[in-house]
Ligand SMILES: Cc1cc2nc3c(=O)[nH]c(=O)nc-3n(C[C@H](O)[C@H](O)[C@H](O)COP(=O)(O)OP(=O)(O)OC[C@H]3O[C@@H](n4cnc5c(N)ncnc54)[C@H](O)[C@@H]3O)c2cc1C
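Shown next as structure tokens: one chain only, the form predicted on its own.
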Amino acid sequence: MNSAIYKSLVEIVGEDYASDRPEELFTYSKDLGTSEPKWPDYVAAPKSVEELQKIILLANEAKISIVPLGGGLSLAGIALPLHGGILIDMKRMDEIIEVNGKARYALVEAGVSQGKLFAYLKKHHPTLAHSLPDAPPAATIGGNIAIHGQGDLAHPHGFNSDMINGLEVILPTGEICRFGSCSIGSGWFTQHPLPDMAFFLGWGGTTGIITKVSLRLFPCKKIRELDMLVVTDEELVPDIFHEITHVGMTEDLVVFSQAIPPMTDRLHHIINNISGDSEEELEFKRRLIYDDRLSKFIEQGTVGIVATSQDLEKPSVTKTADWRKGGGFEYVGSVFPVAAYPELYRKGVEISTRHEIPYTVTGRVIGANHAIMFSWSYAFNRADPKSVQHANEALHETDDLVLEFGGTIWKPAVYGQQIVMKHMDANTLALMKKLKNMVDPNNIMNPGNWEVA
């Protein structure tokens, strides 16, 4: 340990928000997945952009690694300090700066949790909503968009990173940059048609640290209805999605199948979320979806509506993914054309069976049926090394499967990143390397992830 670095961190953030004590570093040394623990040398929790900037400048001077951490809910080792260094806990940077109801956006610091923004909107702006991910409320806004997270408005609006009006970012060398209308002093209402900020999305915190986000908000209707459909033939799922999304009146569309409980095994449950400000509006949407678009499936008996409920919490498949004692699950996410669903489901069952893991697969429609986010979850017992090994082997096998079948790996861990780069166009990879070396000459930003330098 370098006592001078610890002393400097204390001077920047205060004694209560910097630590090099083993019992506190241990908390930050592992995530919820199968990754081996990786210990930071220091932890610091800045409260302001200025404090964060000073930490980054300190790290550059000392040539020590820094890793930004949001809610600490990543399952794939993306936010573990693979090379030690300073782990930066972003959760104190949690101010909701502005909500513009007319222009429908929220300006927040990156450490604002999904739960905090949800509660704030519900209390102060009940007609507005943001796209909530399938993650605990502690997940942060900045962490979610930095890894192309998706939420319950993915259909029809896309990934949460598609819902950004602007960003403030601190580069690895300490400079503060803004992207969007905010960069020219015109407020935070749009990203277009200015130069894009994509260099900071999907890079896992290796190109800079997001400090502020302007996030698009959407109408929040008074009544929310969840309809559950059951399909016995996986081959029909893409056609059903095509019909439902043609109407354009669904605000979330998810499919899942899982071995446990037995009543769900080999069945495909489609969750169709619709909403309205009146019962008449809901009935109009039901008629267009079920009477006009799905009637042929219902009449044939290939689709059944098994449940309809209103104003319940939207179900999260991840909450039911851990079927083994021992409290662990990890998943491989991917993005594919929707038509790939049947084969992806069958492969998921096959891999899970081979590794003695009850299968759990899920998919969420992205955009207007433009793609599906498909994931395979693998439960394991943390106290059983063999169980962890089975899950880890299944995860790597699934990463390979994604690229073999022509998909992209969503939120890839280090192994997934490496095989993606092996498949990547050589000129694209060379450009990534040039950009990374330019903005991070000392390679201090989350090294070990997207290791192109």
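Quantities reported herein were computed from a predicted structural model and do not represent experimental measurements. The numbering used is simple: start at 1 and walk along the sequence shown.
Below, we refer to the form predicted together with this ligand, which is not included among the displayed structures.
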task = Pick the stretch from 131-139, 97-105, 224-232, 290-298 whose residues have a heavy atom within 4.5 Å of this ligand in the model of the complex.
result = 131-139
ask   = Just one of 303, 366, 332, 79 has a heavy atom within 4.5 angstroms of this ligand in the model of the complex, so which one?
value = 79
request  = Could you tell me which one of 348, 204, 172, 166 places a heavy atom within 4.5 Å of this ligand in the model of the complex?
outcome  = 204
request  = Answer yes or no: in the model of the complex, does this ligand come within 4.5 Å of a heavy atom in every one of 69, 144 and 147?
outcome  = yes
ask   = Does any heavy atom of residue 42 come within 4.5 Å of a heavy atom of this ligand in the model of the complex?
value = no
Contact label in the model of the complex: residue 390 to this ligand, heavy atom within 4.5 Å = no
ask   = Do residue 215 and this ligand share at least one heavy atom pair within 4.5 Å in the model of the complex?
value = no
query = So, in the model of the complex, is residue 47 in contact with this ligand at a 4.5 angstroms heavy atom limit?
reply = no
request  = Would you give me the residues of 180-214 that have any heavy atom within 4.5 Å of this ligand in the model of the complex, in order from first to last?
outcome  = 204, 205, 208, 209, 210
